[in-house]
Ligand SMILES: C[S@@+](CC[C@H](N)C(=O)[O-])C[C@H]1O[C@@H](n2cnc3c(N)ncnc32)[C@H](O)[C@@H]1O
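Only one chain comes next, encoded as C-alpha cells, the form predicted alone.
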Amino acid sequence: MKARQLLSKLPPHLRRDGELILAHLLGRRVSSLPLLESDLSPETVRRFRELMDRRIGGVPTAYLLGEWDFYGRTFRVREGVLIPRPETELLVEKILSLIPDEGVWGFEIGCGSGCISITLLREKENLRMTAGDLNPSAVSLTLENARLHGVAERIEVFAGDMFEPVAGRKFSFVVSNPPYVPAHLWGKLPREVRREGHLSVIGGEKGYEFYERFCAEVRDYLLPGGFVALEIGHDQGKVVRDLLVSAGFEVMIYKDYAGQDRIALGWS
C-alpha cells in the first residue's frame, strides 16, 4: 500500500493528523508524502493504524509523536504536560522585543515542556533563565528539552509552587503561561485537552486565581525597571489588566490570531 492510498481512507478532519503520524513513522517531511511512490512496509502500515486508533480514541497527535514544534524548533512532549501552542509564540515574541542587549535573567512560572524559556535562550545569547513547575514530570521534561537544544548550562529548573523556588531573588522579567480555564468547564473540554492534565489546564474555580496571587507577590521578585509577561484566557483581559494596575504596573493587552485577548504585559 502506498502513502496516498493509506491517507485517503481517513476522514477529512483526521487527514492532517494522519499525515503528521505517517511522516513521523517514515522519518520524512509531510510535504514529501505525495511524492512517495514506493509501497509502505507492513510494519509501517500496522503502526500507522495503531496510532490512528489511539488518535481517534482521544490521544493528541503530539503525545503520539512524542514531540511538537514551537517557534521553528521541535520539543519533546509527554502526556500530562501542556502541549506548546501557536498562541504562546506571541508571548515569546513580545518578550524578545523587550529584552535588552546586556545580560538579563528571567524567571518562568509553570515551565511545562520548557518551550518558552528554551526558545528565549536560543534567541538571546545574553539571557539566563530560572524556571519552576509544580509538576515533577514538567521539570524533567524541561531539563530534557534544554539539553536537546543546547541551553542546559544557561537554565536552572526547580520543582515548586509559584515563587517558592526563588525566595529572596529578583529578576529582569517574570513570565508565565499558567492554567486559566475555570474548573466548571473541565467536563466540557475536548478529550484531547483533558489528556494534558487538570493541573496544566484548570486555573481554579474562577480560572484567574493564579493571576490574583501572581499580582500580589510578583513585585517582590522584580528588579527595578523589570516587566511581567502573561498568557491569559480570551475573556480575562479586563480582570488581569485591573489586577496588574492595582499592583502598580503599566499594562498592555495584546490579541491573538483570532482577535481575542491573549497576552498581558506589565511594566513596573
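Remember, it's a predicted structure, so these values are computed and weren't measured experimentally. Each residue number is its position in the shown sequence, starting from 1.
There is another form of the same protein, the form predicted together with the named molecule; it is not shown, and what comes next is about it.
Using a 4.5 angstroms threshold between heavy atoms, residue 213 counts as touching the named molecule in the model of the complex. Although the partner is absent here, residue 157 is not a contact residue: none of its heavy atoms lies within 4.5 angstroms of the named molecule in the model of the complex. Proximity of residue 109 to the named molecule in the model of the complex falls within the 4.5 Å heavy atom cutoff. The named molecule is not shown here, and in the model of the complex it never comes within 4.5 Å of any heavy atom of residue 236. Although the partner is absent from the chain shown here, 161, 177 and 199 each have a heavy atom within 4.5 Å of the named molecule in the model of the complex. Here is the short version: of 104, 166, 134, 148, the single residue with a heavy atom within 4.5 Å of the named molecule in the model of the complex is 134.
For the candidate set 121, 95, 82, 141, a heavy atom within 4.5 Å of the named molecule in the model of the complex is found for exactly one residue, namely 82. Judged by heavy atoms within 4.5 Å of the named molecule in the model of the complex, the contact stretch among the candidates 166-174, 111-119, 95-103, 186-194 is 111-119.
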